Every structure is written in structure tokens, then in C-alpha cells.
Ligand SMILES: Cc1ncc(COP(=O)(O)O)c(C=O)c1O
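This document starts with one chain, in the form predicted alone, laid out as C-alpha cells.
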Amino acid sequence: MTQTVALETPPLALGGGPKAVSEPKPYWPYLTDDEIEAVRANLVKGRTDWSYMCAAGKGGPGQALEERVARDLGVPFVAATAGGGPALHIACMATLEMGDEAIVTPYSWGQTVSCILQAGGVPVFADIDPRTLTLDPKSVEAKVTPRTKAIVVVHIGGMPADLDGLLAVARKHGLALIEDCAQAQGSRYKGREVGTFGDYGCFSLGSGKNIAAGEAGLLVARTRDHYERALLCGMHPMRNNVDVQDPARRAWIDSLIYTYRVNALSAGLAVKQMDRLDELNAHRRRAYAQMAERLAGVPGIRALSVPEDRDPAWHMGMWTFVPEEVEGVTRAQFLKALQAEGVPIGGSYVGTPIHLRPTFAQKKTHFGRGYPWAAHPQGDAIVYRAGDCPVAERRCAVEDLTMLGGGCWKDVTPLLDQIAAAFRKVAARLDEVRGIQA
């Protein structure tokens, strides 16, 4: 009778053992030869057609990008912008006046909230749903006041928010809904792509996003009224003279704008990359699902639970550290052990929740003199405190993990297998992990 002998788990890499992960992480952005040739061809056209070098007016790759996105999303109005931040800033300027309130998440990249401030609005922070990490409609409704004018929702990491719930709050109180889709191009809610539900949808085509066109963005508008207000906030008079139809608005066409039009060369690259969006997102979805399957049952790590009505495109893989399953191990120790094994994993994407950062503790911005809070009747009484958004605060302090995202996750089975092996290795040596100085 042959006796089976269990193989001992190799020592941790921090303890001198071999790294579990040797496969490289996919590089991003990845440009195909066809995409590079498309940019070259547009440069040649720029010798005789100004619109291929400058998107101040209509025509050229800027207009081609807008028409392509409008067709793909089934929306009537699209403006190509210099980036996702400019798109969001335009939407906030078109919606808010100085001292108006906008309800927003504290769990995001800071630019989401800075655009409210830059438009003169006062951010009011609502908490997140612990399952999806997106705005909780119940928390949002509790924050509505007579000065609230907008809800700014972030589809963080590509996870669609509860759009039905948020739209119900917006309609009940007559609020604008602005979707920050910078990380969610191609994500779907109830079969429909995000960015098409709110009054404005704002997308980023920056170098790290699902479409990587260098620096570019998109602003989707629900109605012509929203569209024309947005154009006056960020587009060149040449463009506005063509697209702004309302006679009362045409009187306001001037050069007093932010130069937020798209770069024509980036627009041309984005048009070509749109051909690959569904394919790239399919790779991202598959990689996250395969990684979640491999890590099921491994203590200390849990994939997000995706509601049945949502289909995230996973610009960034969001994972949860579960300290109860690895008693005595901190997130910092867990991360240090995994990173030493070669796992491409990080801690909190957000870090300090936005409402607890110095700008909000001191209520100081580039406006000076206490603005925009000084334009609010209760400006002095507005205070941002720890405990205002307990779910987001715990997420950032204890649970947040990021892994997979950005890259072209195609044919990565060996890498996923090695990452899973690294997690099992660390889980088998928790006593050693507890001794890590982190």
C-alpha cells in the first residue's frame, strides 16, 4: 500500500523562499499596429485638413468620436473633452451655482469631488453600500436639503451603482443626476450601459482606463437643454456657434470658457480603440471571474458580490480583506506577504476618505475667503467629521484591496494560477505572517 505524504508549503518569500508569482502582469496601455497607423494617417490628413489637428470646431476625428459613441450608447448628445475630469467639471458647472449642494461619495478618486468645488458647489457626503461600494440611495436621501441640486454618483472600479434607487431620489426631489463613469466604460446596469441614465454621463479615455487614448474624455447629455448648457461651459465659440441653437443662449457665446475640447489626435486614436472595447472588457470580466473562482474559500480575501442586475467591466478589481478569517493578521501584514510573493495587489484605492482630508477639515480651496462654503447660509456650521460615512471609513481603514485592472487581461491563466497559489501559500503560514513588521 502506497502512503501519501503531504508536501510542505514552501517558505514565504519574505522568509527566503521562492516567489510564487513569476508571470508578468499584462502591460497597459497596449496599442495595436492598426491603432498606431490610424494616428499616423490622421497626422497626414492634418497637412490639408485643420480639423485633424484641432477640435475647436466640428468635423475631423473629434466629431467622428462623438458620433461613434452616440451610436454605440444610443444617446442623442455627446461632446468629446480633454479628459474625464473636464467632462465632470463641465457637468457640475452646467448644474450648480455658487453655494449649491451636491451629494457625492467619499469613496472615489479626489477629482470627483474637486469638480464640485471647482464649480462653486458644496459637497455633501453620503455613505456607500458595503456590497457594491457605490452610493447608497437611502444615505443619499437622508442628505437632501432645499439647497441640494445634484447627485454625483461614481461607478467605482467599474461596478454600476443602484441607478434605479438614485434616479428615484433625484426625481422625487427634482435633482440632477451626474454619472462619473471614468472607470466604467462598458459596464452595464440591467443590460444598459452606464452613463446613459443620468442627466450627464462623464467618461475618461485616459491612459489607464478601459479605452486608453492618452488624455481624452466624453460628456453624454440627456437633453438638448443639458447639452447646450454644457457646451457654453467648456467648448470653443466655433463649436458653440454651430451647436447652440437656443437664441437666448447664443447671446452668451464668448471666449470666457475652459479649454476643454478633446485633442484631435487622441480622438482619432479613441475612435479606432472603440472597435476593441467589448473584447477588452470581456477579457477583464473573465479574468476577475476566474480569479474569484480560484480564491473562493481562501481565508482573508473575498471578491465583491455582484448583484444579478449589474455587469461591471472591471477597470479595477475591487476585493475585500476579511480580518475575521485570519485572526491576528493585519491588512498591512497580509499585503506585505503577498506583494513579496509577486502578487500585483494594493491596499486602499481611496486611502483617506475624501470628507476627512485637509481641504474639508479646513474648508479651504483655491477660491479663498472660505468659498464655496461662504456662499452657503449654513457655511460656518458645515462640518465634516469621522463617523459621517462609517461604511466608507471602515472600507478604507480595514477592508480595501485592489487587484487586477487596467491591463489587457487576455490569456493570463498561468498568472492567475500563480496568484492563487501565492494566496494559499500565505494562508498556510499565517503564524509567520503575524510576525511581519508592517
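We number the residues from 1 along the sequence you see. This one's a predicted model, so the numbers in the text were calculated from it and none came from an experiment.
The same protein also exists as the form predicted together with the named molecule; that form is not shown, yet it is the one meant from here on.
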Legend entry - Sole residue of G268, G198, G83, P353 within 4.5 Å of the named molecule in the predicted bound form, by heavy atom: G83
Inset, instruction - Would you kindly say which of L135, A216, V220, A91 lies with a heavy atom within 4.5 Å of the named molecule in the predicted bound form? - result: A216
Legend entry - N210, heavy atom within 4.5 angstroms of the named molecule in the predicted bound form: no
Legend entry - 4.5 angstroms heavy atom contact with the named molecule in the predicted bound form for Y349: yes
Legend entry - in the predicted bound form, W109 touching the named molecule (heavy atom, 4.5 Å): yes
Legend entry - 4.5 Å heavy atom contact, Q185 and the named molecule in the predicted bound form: no
Inset, instruction - With the named molecule left out here, work out from 242-250, 259-267, 111-119, 159-167 which stretch has heavy atoms within 4.5 Å of it in the predicted bound form. - result: 111-119
